[in-house]
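Take a look at this one chain, the form predicted alone, written out in structure tokens.
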Amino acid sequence: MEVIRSQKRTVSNDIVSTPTLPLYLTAPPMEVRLEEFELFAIDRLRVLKGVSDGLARGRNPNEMDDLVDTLWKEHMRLPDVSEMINKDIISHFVLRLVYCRSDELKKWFLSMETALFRHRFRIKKIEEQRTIVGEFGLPYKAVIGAELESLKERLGLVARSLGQISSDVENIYYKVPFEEVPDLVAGRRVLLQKGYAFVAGSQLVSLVVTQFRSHLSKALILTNRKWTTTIREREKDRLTPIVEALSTSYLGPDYTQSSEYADISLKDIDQVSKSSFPLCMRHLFEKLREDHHLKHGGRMQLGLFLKGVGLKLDDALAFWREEFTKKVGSERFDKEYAYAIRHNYGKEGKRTDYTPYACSKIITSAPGVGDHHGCPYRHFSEDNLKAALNRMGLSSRGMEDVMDKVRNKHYQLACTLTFEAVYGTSCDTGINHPNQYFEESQKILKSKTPAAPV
């Protein structure tokens, strides 16, 4: 796969004839425009992050089938079938490059791509599933004749115990080494005999997913080797910056402009901080009020958030001045801190209109000693986090649900559950940005406030 500037991509006939569920066994012989390289990857990343959220919320297999189908139609569908297949293949190989670069990234990508493949396979018709098995070249043949007859009674017992008998499918069984279907063995969903598992036709997904995961795991190791030895340096001015940024990309609104639900003034800020700030910003705000100072990371994280929720530049300067001058004096504030505040609002330097930090950036930050920025769900100790959640009014049950997600490193979902517990409503989209938390909170609170008489 070669990435080019802006001329039209050429595609071989082999790619166009690829089945609707590619196996990604080899990189495609095609040219890809630089714009598509990034945009296709972002669309697939939206799907994978949706899958991750669904799994973290404990959705059952049928619910995950529906979720994957919806996500795919929303982000990956194109009018032309061959173009849609090409987008599927290109986006997979771009993200393979993005997520091969560390063990943590590889683990996440391997799990999410395997889950995506599993549920895309599950919603295919049985004929399509068998075709995909053939494409993988799996050396399994259906059990037939006398061997099948000798096992029919025991196979029937297994099928009845699962309560999923279908005469069209369950007449077909595959004999495979038991270690190749560990999920079926662990769930007691197959007949075992002499080291072999007899896998029903409706369970083909377990055969294919095991092979898919094994192949992708090995491929990520090889891709990492090629990335570190060749691609990273060779493409340092073109592809490398895109690849390194994609794994922490935030895919939602940037909140540079405040909305009708985000327009606060100095007189409201203390009350609003208690009612609508997410925990990360509430903690920074309280520390600023307490210590009359924040280090650079905290000033950036809180300052850009306040800008995004509608605090005007003059109010922002007054707000920070009021606190900092209690500790550093007016002259030092004007000399060392006021410029940075104006800079964040695009009034100094390159006049860049800086955007508030998204959850992905906050979670991956590395606060040091004396810092208060970062994500409480990741960076607080368990005791400190529980104390903070208690101050937000979470019940013991709600707190345990949040802590369970924290222990499993689902930090954004932990924040989402906090939001749902505090406001008593679901947040199906999940919390991906502190300013999103604020705006959704304000919508709820304002909807409960009676309209003023005219």
Partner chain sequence: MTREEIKNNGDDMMIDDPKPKIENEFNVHYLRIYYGNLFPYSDIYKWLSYGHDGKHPGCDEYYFGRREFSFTLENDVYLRYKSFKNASAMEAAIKSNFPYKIDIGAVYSVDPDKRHAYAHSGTNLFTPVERELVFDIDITDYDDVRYCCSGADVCSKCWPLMTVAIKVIDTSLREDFGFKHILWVFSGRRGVHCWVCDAKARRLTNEQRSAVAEYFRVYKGNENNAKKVDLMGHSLHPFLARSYVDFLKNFFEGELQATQSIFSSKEKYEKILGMITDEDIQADLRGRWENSSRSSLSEEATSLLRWEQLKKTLQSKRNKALSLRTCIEEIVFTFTYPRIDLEVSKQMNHLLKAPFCVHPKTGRVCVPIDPNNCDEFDPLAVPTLSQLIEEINSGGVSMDVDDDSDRSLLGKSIKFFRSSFLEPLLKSCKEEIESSYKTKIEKSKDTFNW
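Predicted, not measured: the structure shown is a model, and the values here were computed from it. Positions refer to the first chain, counted from 1.
Keep in mind that the form predicted together with its partner chain is not shown, yet the notes after this line are about it.
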Checked 370, 241, 195, 329 for heavy atoms within 4.5 Å of its partner chain in the predicted complex; positive is 195
Heavy atom within 4.5 Å of its partner chain in the predicted complex - residue from 290, 383, 83, 179
179
Counting only non-hydrogen atoms and a 4.5 angstroms cut-off, does residue 231 reach its partner chain in the predicted complex?
no
So, in the predicted complex, is residue 222 in contact with its partner chain at a 4.5 angstroms heavy atom limit?
no
With the partner left out of view, is residue 157 within 4.5 angstroms of its partner chain in the predicted complex by any non-hydrogen atom?
yes
Examine residue 103 and determine whether its closest non-hydrogen atom to its partner chain in the predicted complex is within 4.5 angstroms.
yes
Name the stretch: of 91-99, 270-278, 300-308, 185-193, exactly one has residues whose heavy atoms fall within 4.5 Å of its partner chain in the predicted complex.
185-193
